[in-house]
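In structure tokens, one chain follows: the form predicted alone.
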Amino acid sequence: MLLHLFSLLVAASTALLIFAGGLVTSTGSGLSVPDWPSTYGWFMLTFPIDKWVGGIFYEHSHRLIASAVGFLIVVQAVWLWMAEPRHWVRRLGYIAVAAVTTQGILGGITVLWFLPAPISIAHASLAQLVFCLTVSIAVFTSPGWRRAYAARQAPLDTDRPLQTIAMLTTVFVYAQIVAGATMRHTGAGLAIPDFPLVFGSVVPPYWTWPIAIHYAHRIGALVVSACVLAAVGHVLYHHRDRPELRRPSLLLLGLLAIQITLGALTVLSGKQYLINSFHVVTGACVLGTSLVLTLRSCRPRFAASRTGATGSARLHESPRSYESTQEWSPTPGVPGARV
């Protein structure tokens, strides 16, 4: 239980880091500190507080938060290595360490190479994947996941449409976030200055590269909205008695409404930095919530896959090793039951 609570803290801190990164981009503070990993020649943790002024405040704060998140992810990986019996969950912890390390290196290259768009986009996109890893670990270490949620209710392994819709929603949300990062880091955020129309029409009367990126982001928002509505509608119609699916579905619907509102306000306010930054982190929350819904809807498939993967090796492993790789299910005879 403590490991799960710590994993929730790691996921929340990663979301805070994404918000801090959004502030750096929204305020144009990416080069306020021109050196890396030092800060104006100072070791990061000893940089004087009285020098945290202007854009330096946003960039230096972002670096400190990133360092703290990296430390927490390393602690999480060590904790998983010591206490987590499922080797695939431990492996996720190691991957998270590698991902956040790569993320830090990309952040440094972004500064040292003067904010090249491809590196900045990769930096923003990888941040979302790090967040997804931390959210996944929080889900996998939760008591609900371990007890297979509502095991006495109708099994979810036959509801392939829900699993497919949830997976597609998560993929499209991530693609939309990458499109948004491309729009921000190529200066296309205000290429279309009105909303909801496009230069007073539905389709741009003329095209440039920034207009095309911005318009694609708006079309992507429509696709994501359709996917979210389909997923939420399916859950509420077929599984409204399952709180582990109903709660993230309703949260996803609320976050989508907030995200669309923030997107509109970002354009209408001329990219006001707080609105823009909340738009970035809310997008991450939409992605994380969609991922939670996907993982929970696919819970029986995880149990079946783990049983199949380890069952063939049963004769070659010790009883403790075999048991440690199994998913726990409270119902005898169900794939994934502990033996």
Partner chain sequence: MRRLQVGVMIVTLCASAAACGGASDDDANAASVPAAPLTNPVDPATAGNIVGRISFDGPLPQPAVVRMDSDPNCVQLGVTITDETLVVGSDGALQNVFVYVKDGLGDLRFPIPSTPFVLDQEGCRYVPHVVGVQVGQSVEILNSDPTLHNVHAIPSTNQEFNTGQPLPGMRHTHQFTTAEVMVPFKCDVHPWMYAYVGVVDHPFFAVTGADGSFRLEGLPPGTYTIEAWHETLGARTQTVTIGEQETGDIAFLFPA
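Given the structure is predicted, the values throughout are model-derived calculations rather than measurements. Numbering follows the first chain given and starts at 1.
One more form of this protein exists, namely the form predicted in complex with its partner chain; it is left out here, but the text below deals with it.
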Quick check: do Val198, Gly233 and Leu251 each get a heavy atom within 4.5 Å of its partner chain in the model of the complex? no
is_contact(Trp42, its partner chain) in the model of the complex, heavy atom dist at most 4.5 Å: yes
Does any heavy atom of Arg91 come within 4.5 Å of a heavy atom of its partner chain in the model of the complex? yes
4.5 Å heavy atom contact, Gly270 to its partner chain in the model of the complex: no
Flag Leu274 as yes or no: does it have a non-hydrogen atom within 4.5 angstroms of any non-hydrogen atom of its partner chain in the model of the complex? no
Option from 127-135, 175-183, 74-82, 220-228 whose residues, in the model of the complex, bring a heavy atom within 4.5 Å of its partner chain: 74-82
Heavy atom within 4.5 Å of its partner chain in the model of the complex - qualifying residues of 50-65: Asp50, Lys51, Val53, Gly54, Gly55, Ile56
